[in-house]
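Next comes just one chain, in structure tokens: the form predicted on its own.
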Amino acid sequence: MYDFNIEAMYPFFDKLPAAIWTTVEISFLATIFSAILGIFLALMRRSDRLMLRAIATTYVEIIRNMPLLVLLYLVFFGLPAFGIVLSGFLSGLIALTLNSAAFMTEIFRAGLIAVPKGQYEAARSQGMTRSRMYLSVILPQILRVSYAPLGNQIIGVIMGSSIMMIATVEEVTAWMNNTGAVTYRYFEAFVVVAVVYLVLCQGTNLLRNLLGRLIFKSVAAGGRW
């Protein structure tokens, strides 16, 4: 019978907050950057220009069919072969951003497709420029349609950050590996990290639900985006 002893983890809990913060930081930055990149790629996929559509489609199809682990290897271990040496954190951030952007692109593209053509025509009839039309009319409607899948993608980013230890990033999984190696209590370390990820993901989901209610309730009442 295995002797479960969570107290063996106590001496290492002082390093856990820093690891959690690193996970939150890299997940937050990757979410922001991938969302920005995803919006541009979604617009490219809906462009009238064949070249732009081809570039965006090729990117999405390649990245979506490449495991995040392989992409991280290419960035962290592959780029130095060409003389480009990046820190572990930056390599992990780039890999996580590129991976998430491919999925963000499809989320935003679905949102663009869901916006009726009449909305575009109405905006043009008001004399809006293309940039003004997207910022004031189209993107707010995309947000409403894409809000739920975006939440799922953010949680996916958080869980994807768990492999950043390969790039020497001192995040939660790295804490688990290091603590288990010292104490030989891997199961206890697994349990602690499982609880941490559960809290992070559920906390993100609760925050998403709260923000969604506030935003969409305000809009329904006639407020601005």
Partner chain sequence: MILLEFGGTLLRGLGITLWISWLALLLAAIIGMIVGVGRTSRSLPIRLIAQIYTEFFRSIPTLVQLFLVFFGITFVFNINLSPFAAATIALALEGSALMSEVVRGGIQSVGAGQREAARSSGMRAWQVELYVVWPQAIRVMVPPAVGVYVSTLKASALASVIGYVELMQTGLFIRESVRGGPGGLTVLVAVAVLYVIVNFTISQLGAAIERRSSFVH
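Keep in mind that this is a model prediction, so the values were computed, not measured. Numbering follows the first chain given and starts at 1.
Omitted here: the form predicted together with the partner chain. The next part is about that form.
Chemist: Please tell me which of Ile36, Leu198, Val182, Ile55 lies within 4.5 Å of the partner chain in the predicted bound form, judged by heavy atoms.
Modeler: Contact with the partner chain in the predicted bound form is made by Leu198 alone.
Chemist: Though only this chain appears here, would Pro140 touch the partner chain in the predicted bound form if you measure heavy atom gaps against 4.5 Å?
Modeler: Although the partner chain is absent here, Pro140 would stay clear of it in the predicted bound form, with no heavy atoms inside 4.5 Å.
Chemist: Residue-level contact is defined here as any heavy atom of the residue lying within 4.5 Å of the partner chain in the predicted bound form; does Asn209 satisfy this criterion?
Modeler: Asn209 lies outside the contact set for the partner chain.
Chemist: Determine whether any heavy atom of Thr168 comes within 4.5 Å of a heavy atom of the partner chain in the predicted bound form, and answer yes or no.
Modeler: Taking the distances in the predicted bound form, the answer for Thr168 is no, it never comes within 4.5 Å of the partner chain.
Chemist: Using 4.5 Å between non-hydrogen atoms, is Tyr120 touching the partner chain in the predicted bound form?
Modeler: Heavy-atom contact with the partner chain at 4.5 Å: absent for Tyr120.
Chemist: At 4.5 Å between heavy atoms, only one of the stretches 141-149, 111-119, 74-82, 128-136 reaches the partner chain in the predicted bound form; which one is it?
Modeler: Going through the listed ranges, the match is 74-82.
Chemist: Pull the contact list for 96-123: residues with a heavy atom within 4.5 Å of the partner chain in the predicted bound form, in sequence order.
Modeler: The stretch touches the partner through Phe103 alone.
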